[in-house]
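Only one chain comes next, encoded as structure tokens, the form predicted on its own.
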């Protein structure tokens, strides 16, 4: 054995600074859930660490795991950015987090159902009428509709962050077309190849059953529950940034992957899929298309992605759509502020998980303070995703802050402000060293006849030193997430 081989990773030089680190505590000792992993990493040489990272990257290329970046009018496919060092979470802490996520989605679905029916929460003065009336995601065409189980958001991806004191907060709820679960599954597959010995030594909760859980939830929505329901995944097509995921999930569920042109609504208001042998009735559509493009008869008249008559079929109860049209009314960062109150109102419970403290820019009493303190805040648009259109105050220039002051004042309803959360860190392979990088977590919650939460979820990591932006479209990557018993 060469001399270089005996040089191993030195944890004494690992310093996460003021952030809470998910692997090492403040005294430099591994946290209980990370003991086996820290020992395994500590036994590797820098070369072995780098070799395992390169092996993972090669496996990603060979498997064809990609995501699409829109740049200068072009769609650029890139290999999925992945770091081999998993994020570890203790099982007891996770059980509390899981309960909080279920509680949150139950309340959100009750809210959506309420605002499309009686609007009791508004009449009782617990939710501002002006926020609902100014919501671009409230769809009048959905008023009075009743999805199966009265559940509108069947798939939710809630983003969680951990502050420097260890508190877990919900940063936002993604309810329209939450994405990323295929990368969670592929991350686990690649990690098993990189660290097979660790899966034999400890109890790591599995995530591989997600496609089966998703399929069972979709089947539970069928208007023909006694038959063998036909489930399809509706995609905008190959140029969509999440097309890899659409095709991946369809394949794993044994469902057909279809585009709008493959479907037709018949005279009986049922939805049919065009096939070589003729028309086949469709019972459940897992839609990966924004609701306003689903039906050109009702929403965007020029849409080529949707199916004419689809909303008519859905309202008639002839087909189920997940997530239901209109769900986006709760996928709004201004509405997010009121989720703890929704939990108290609809469930008569105290929230298990806290929101990040969030200010409405539309509040005239607080807007002047927000405009004077932009250098200390994160300002986000109410309905954007992917890290676009936001201002991270401490990392911004004077010119960027001046531009944002103008933008906010022009349309304050569209913006919220939050304090900067020092996201927790996880060791990440940078060249041949382990360095702390900030992370968030997106678990996936399913609600149909019953509920399911992925053990862990998709950990996204900001690969740039000091960056708090974890989105892959903004230079971020991802890690496997272990819930360890």
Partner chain sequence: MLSRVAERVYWMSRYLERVENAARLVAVYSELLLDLPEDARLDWSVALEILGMGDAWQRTGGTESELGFLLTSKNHNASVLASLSFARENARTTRDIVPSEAWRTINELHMYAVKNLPSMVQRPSSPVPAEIVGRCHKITGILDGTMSHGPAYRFIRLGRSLERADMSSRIVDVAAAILLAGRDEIHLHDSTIWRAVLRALSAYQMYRQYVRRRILGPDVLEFILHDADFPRSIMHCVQVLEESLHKLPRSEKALNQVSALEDRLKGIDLQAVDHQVVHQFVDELQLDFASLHGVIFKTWLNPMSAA
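Residue numbers count along the first chain shown, from 1. What you are looking at is a predicted structure, and each value in this text was computed from that prediction instead of being measured.
What comes next is about the form predicted together with the partner chain, which does not appear here.
Contact annotation for residue 133: none of its heavy atoms lies within 4.5 Å of the partner chain in the predicted bound form. Not displayed here, the partner chain is kept clear of residue 411 by more than 4.5 Å at the level of heavy atoms in the predicted bound form. The partner chain is not drawn, but in the predicted bound form it has no heavy atom within 4.5 Å of residue 212. With a 4.5 Å cutoff on heavy atoms, residue 119 does not count as touching the partner chain in the predicted bound form; it lies far away.
A heavy atom within 4.5 Å of the partner chain in the predicted bound form is found for one listed residue only; from 407, 253, 257, 161, this is 257.
For the residues 92, 193, 247, 216, the 4.5 Å heavy atom test against the partner chain in the predicted bound form is passed only by 247. With the partner chain omitted here, the record of contacts in the predicted bound form names 270-278 of 270-278, 216-224, 306-314, 367-375, defined by a heavy atom within 4.5 Å.
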